[in-house]
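For reference, the chain that follows is the form predicted alone, supplied as structure tokens.
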């Protein structure tokens, strides 16, 4: 649920989406009784198109903000892993959420080596059936592209064996078209929420993105299209005064469902979040172009998009992640960047410094935050964010606002 009311105008479809999430575990349980299988998946490169085309139910695994799950996970995997990985291990071990008890298979891509280790740990300790999708380190080289094609072919063959179905081109084509429409709808909602008088805020849209981790994808698209139609009919929310809140863009690693600490702090201090490039947010839905309903085209489309920042990219001058970040800052009229990195997520930590240098040269104030799921650092983060937002306000006053 949103921390504050979205607007003076009630958006009815948003409530329908929230209710659909509540109802979803019972729907999946009923589908399993009819013989359908459920695949939980993690990270960035697992193509949902394959899962849908093989008539299995995809569920994106992982929650944030739960310190108890982190402690439980730390009994099985090194405490030098990031808190998301430890929490995911705890979640998969305890099975106290509505979804993990329903999983028949855990599919993991190896773009993040900590998540790869997670799959090994839960297979060994908790006896999950797991499937690993290899991801090349050199994703721009022809050798890397050939490797990923081969890996996805093997991954597809394993899914076919698991599901008891052969991949059909017609079903893959339908799945590609369905997910393309979902991505288009989510990008529309992101653009909409960044407007001055929108009836949704970023927090609402982020919640809607997370709803898509669980809901039936065809029903999800229907709800998204219904929501967009409703928003187009609603009058602008004139209760808002544009230009009074610093427009903040969140970058960095990820904010999983339930991890709201930083979001709460920014909003409590009067900041307006207008966008993100998180792999649990907008980044997963950007720039995926699949040229044909084939596994090779699927591999090419996923590998050609903006890379997961856990993958190395040593030539910073041509880093497509930085290029996309600057494009999004302009698209959402952001005034400042808060870079959120979960502790022990080393690839994002290493990239934060160079990202800061580039964006500072572009005129964007940049605040780097490292945090965990514990509540012990709330006041320290609040103090830093408060000073940062005051800096942005001062800059806006000097510049005469936007």
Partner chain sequence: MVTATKVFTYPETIKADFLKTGGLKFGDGTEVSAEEIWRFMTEEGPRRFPHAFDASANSIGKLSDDVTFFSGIKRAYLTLTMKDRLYKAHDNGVPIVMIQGGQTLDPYYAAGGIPLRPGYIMQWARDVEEGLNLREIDNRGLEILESGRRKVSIEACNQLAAHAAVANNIVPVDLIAPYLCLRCSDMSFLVETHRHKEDQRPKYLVDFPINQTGKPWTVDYLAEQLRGLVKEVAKLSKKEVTDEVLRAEIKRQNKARKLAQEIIELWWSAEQPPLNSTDFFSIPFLANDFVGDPQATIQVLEETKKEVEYRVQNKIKGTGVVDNAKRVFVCGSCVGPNSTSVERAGAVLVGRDDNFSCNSVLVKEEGDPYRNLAEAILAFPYEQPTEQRAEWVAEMVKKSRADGVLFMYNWGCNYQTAVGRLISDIVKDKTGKPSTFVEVGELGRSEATEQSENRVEAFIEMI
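Just so it is clear, the structure is predicted and the values come from calculations on it, not from any experiment. Numbering follows the first chain given and starts at 1.
What comes next is about the form predicted in complex with its partner chain, which does not appear here.
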Worksheet entry | Contact at 44, 60 and 103 by its partner chain in the predicted complex, all three, heavy atom at most 4.5 Å | no
Discussion item. Please determine whether residue 37 contacts its partner chain in the predicted complex, using a 4.5 Å cut-off between heavy atoms.
Written reply: no
Worksheet item: Wondering, does residue 258 line up within 4.5 Å of its partner chain in the predicted complex on heavy atoms?
Response: no
Fill in: Contact of residue 343 with its partner chain in the predicted complex (heavy atom, 4.5 Å)
yes
Discussion item. Even though the partner isn't displayed, in the predicted complex is residue 210 close enough to its partner chain, meaning a heavy atom within 4.5 Å?
Written reply: no
Worksheet item: Using a 4.5 Å heavy atom cut-off, which stretch among 211-219, 232-240, 245-253, 112-120 contacts its partner chain in the predicted complex?
Response: 112-120
Worksheet item: Among 168, 196, 154, 300, which has any heavy atom within 4.5 Å of its partner chain in the predicted complex?
Response: 154
Worksheet item: Which one of 281, 136, 293, 90 is close to its partner chain in the predicted complex, taking close to mean a heavy atom within 4.5 Å?
Response: 136
Worksheet item: Can you name the residues of 122-145 that have a heavy atom within 4.5 Å of its partner chain in the predicted complex?
Response: 123, 124, 125, 132, 135, 136, 137, 138, 141, 143, 144
